[in-house]
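Just one chain follows, in the form predicted alone, and it is written as structure tokens.
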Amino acid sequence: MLIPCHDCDLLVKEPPVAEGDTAVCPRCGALLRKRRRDSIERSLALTVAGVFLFVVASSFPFLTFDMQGNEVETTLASGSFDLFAQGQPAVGALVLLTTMVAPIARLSLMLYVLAPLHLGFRVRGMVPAFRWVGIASGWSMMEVFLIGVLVSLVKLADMADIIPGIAIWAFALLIPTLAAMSSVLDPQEVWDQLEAQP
């Protein structure tokens, strides 16, 4: 199979690349392909860790505000629902999409594709599921939400006692876990295994 060099557009026959090795363009020396070691297994492990952290982040209190004896607990989802209740459905839907729907869709799709590949069998719909991983990743913006939360904490610090819940720590750990999951994943390896599976 011929593949193009993304730097000089030379078409070259796809060379076999062993795990941990790289292939470069014979004309300009640009990277053609890099195979990461144990890509599927490491991505799967980080996906499972991400699912666990997401369940904790969405199930337990995110922050507790104590204002003159009145305590108010918030959860990851309650911020979105409060926006709906305050007459801002578009913003609420966007926050819900980027902090809840897209991340869990991304993790679920990764689990749906990687677990069968690791175990050596194929289930229906793996190809479109892996294609949807990229779409879900584009809408997953939890780091933006966390920055917004931190800015709000600074502004509210003088008005109330703010007690961070276990969910905010899980949420903070989830962000680098998802980044590491994307970093160790070799999409070409997944596509090759999907093609090789009967």
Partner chain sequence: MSAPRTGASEGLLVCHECEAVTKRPAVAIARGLHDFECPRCGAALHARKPNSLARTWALVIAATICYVPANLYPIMAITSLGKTQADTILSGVFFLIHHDMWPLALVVFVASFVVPLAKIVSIVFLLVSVQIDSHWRPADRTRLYRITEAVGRWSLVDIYVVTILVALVKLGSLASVEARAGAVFFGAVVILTMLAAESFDPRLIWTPIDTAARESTPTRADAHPGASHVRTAPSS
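Here, rigid core means the biggest group of C-alpha atoms that superpose within 1.5 Å across both forms. Every value quoted in this text rests on a predicted model; they were computed, and no experiment measured them. Residue numbers count along the first chain shown, from 1.
The form predicted in complex with the partner chain is left out here; the points below concern that form.
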| query | finding |
| --- | --- |
| In the predicted bound form, the one of W169, F60, W139, F52 near the partner chain [non-hydrogen atom within 4.5 angstroms] | W139 |
| Contact of Q188 with the partner chain in the predicted bound form (heavy atom, 4.5 Å) | yes |
| Non-hydrogen atom contact E143 with the partner chain in the predicted bound form at 4.5 angstroms | yes |
| The partner chain contact at V95 in the predicted bound form, heavy atom, 4.5 Å | yes |
| 4.5 angstroms heavy atom contact with the partner chain in the predicted bound form for L44 | no |
| Residues in 23 to 37 with any heavy atom within 4.5 Å of the partner chain in the predicted bound form | A23, V24, P26, R27, C28, G29, A30, L32 |
| Displaced residue check between the shown form and the other one: G134, CA, 2 Å or over, core reference | no |
| Displaced residue check between the shown form and the other one: L32, CA, 2 Å or over, core reference | yes |
| Distance direction in the predicted bound form for the C-alpha atoms of A18 and V123, relative to the displayed form (3 angstroms or more) | farther |
| Direction of Cα pair change A18-F121 in the predicted bound form, magnitude 3 angstroms or more | farther |
